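Form predicted on its own, single chain, as structure tokens, below.
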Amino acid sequence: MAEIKNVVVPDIGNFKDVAVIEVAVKAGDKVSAEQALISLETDKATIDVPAPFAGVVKEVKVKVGDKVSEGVLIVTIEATAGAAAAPAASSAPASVAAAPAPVPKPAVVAAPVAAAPTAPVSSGASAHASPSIRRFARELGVNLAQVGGSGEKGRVTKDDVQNFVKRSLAGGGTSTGGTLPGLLPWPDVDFAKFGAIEAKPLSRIKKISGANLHRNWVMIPHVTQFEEADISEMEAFRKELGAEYAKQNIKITPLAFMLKACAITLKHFPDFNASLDASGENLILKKYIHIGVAVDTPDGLMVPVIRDVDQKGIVQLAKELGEVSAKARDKKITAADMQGGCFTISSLGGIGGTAFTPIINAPEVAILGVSRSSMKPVWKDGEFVPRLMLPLSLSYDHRVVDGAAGARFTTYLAHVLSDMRRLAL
């Protein structure tokens, strides 16, 4: 039998009688761990109170305008079987006195908190919105400064953001990259007229990534440069290294070598390790090299970031790759794990294909696609010899990188991959 648990206001410092400014759920809603339940506003910050575990909301005990303090019951949730409470913030107490509840008495869980300044420095900073709404708007690529707020005191609500996106997709907005002028509206087809169908909702990850990919494709002028790298020596060395570290359960994959080679190449071509600022008039050159790696999960692609790649060896990179990939597939990856990337690698080598056009992960200016390697005859020293060739596909932002620079980047990267000595530089 599922357990009904009480969720109470956690430790929010010395604040008491804090106003509830948003209630994001209602009875019957399914919630996931860390999904925002309510938002509170003090005189210094707006605070999200997220769900400590997944389940179904049974009853909401507060409404907008209520005043709450630490320990006040906010919702009851029928926990999903096997759901465990998410770790509370370090300032939250290990336990909270149980609020009155019907018999049998539900378990009491202090929810973690997510706080943000009332007006963070970001696009739409002047908009009146809670952290969860700001996060929701960022995921959809919406500038809150252009969204009218219908909530109390002009606060922007989730419905306001969704309605803004709908208007944009219908041609009424300008900031989300919706329907372009002159294009016909998306066809509304009753597919059931032609045969049996099944409606399958997109996963949350695909919804978020889809909106971001649409924005990036529409707003960034993409060019893709193709190249092949001779990785014959690299692969032979990788197999030797893999056998050596197999007993330590460290899998040495080609991607570890790709990370190291990309870090070396990015140092040689700093404009690729950069981002355009919000005005589009300045290039921000980064003195660090953090590289994102696309990971295929059952719910869609996720891109955890490996930090300071240039300062790590192949074995360390292989170890970290295994760890972050496992976290992504087990749905334990955090937002912090996917932030700060300078460049991204999307490898389809384990699946197949000869080339593809990866979409740039804004605000980065380039992304490398890697396809499956294959043995090919290569003309060398007056004869054809079998060599293991790796297809590379580099998409870059043509506002920052011109064609000559793109070709130089891929040529240099292929040279690094073909000469193992350069990985030690």
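Just so it is clear, the structure is predicted and the values come from calculations on it, not from any experiment. Start at 1 and count along the sequence shown; that's the residue number.
The same protein also exists as the form predicted together with oxidized coenzyme A (CAO); that form is not shown, yet it is the one meant from here on.
By the criterion of a heavy atom within 4.5 Å, residue 238 is counted among the residues contacting oxidized coenzyme A (CAO) in the predicted bound form. Using a 4.5 angstroms threshold between heavy atoms, residue 398 stays clear of oxidized coenzyme A (CAO) in the predicted bound form. Interface residue remark: residue 348 is counted as part of the site for oxidized coenzyme A (CAO) in the predicted bound form, having a heavy atom within 4.5 Å. The closest non-hydrogen atom of residue 254 lies within 4.5 Å of oxidized coenzyme A (CAO) in the predicted bound form. Heavy atoms within 4.5 Å of oxidized coenzyme A (CAO) in the predicted bound form belong, among the stretches 154-162, 214-222, 319-327, 185-193, to residues of 319-327. In terms of contact with oxidized coenzyme A (CAO) in the predicted bound form, the residue from 333, 294, 250, 274 that brings a heavy atom within 4.5 Å is 294. Of the residues 30, 372, 67, 376, just one reaches oxidized coenzyme A (CAO) in the predicted bound form with a heavy atom at 4.5 Å or closer; this is 372.
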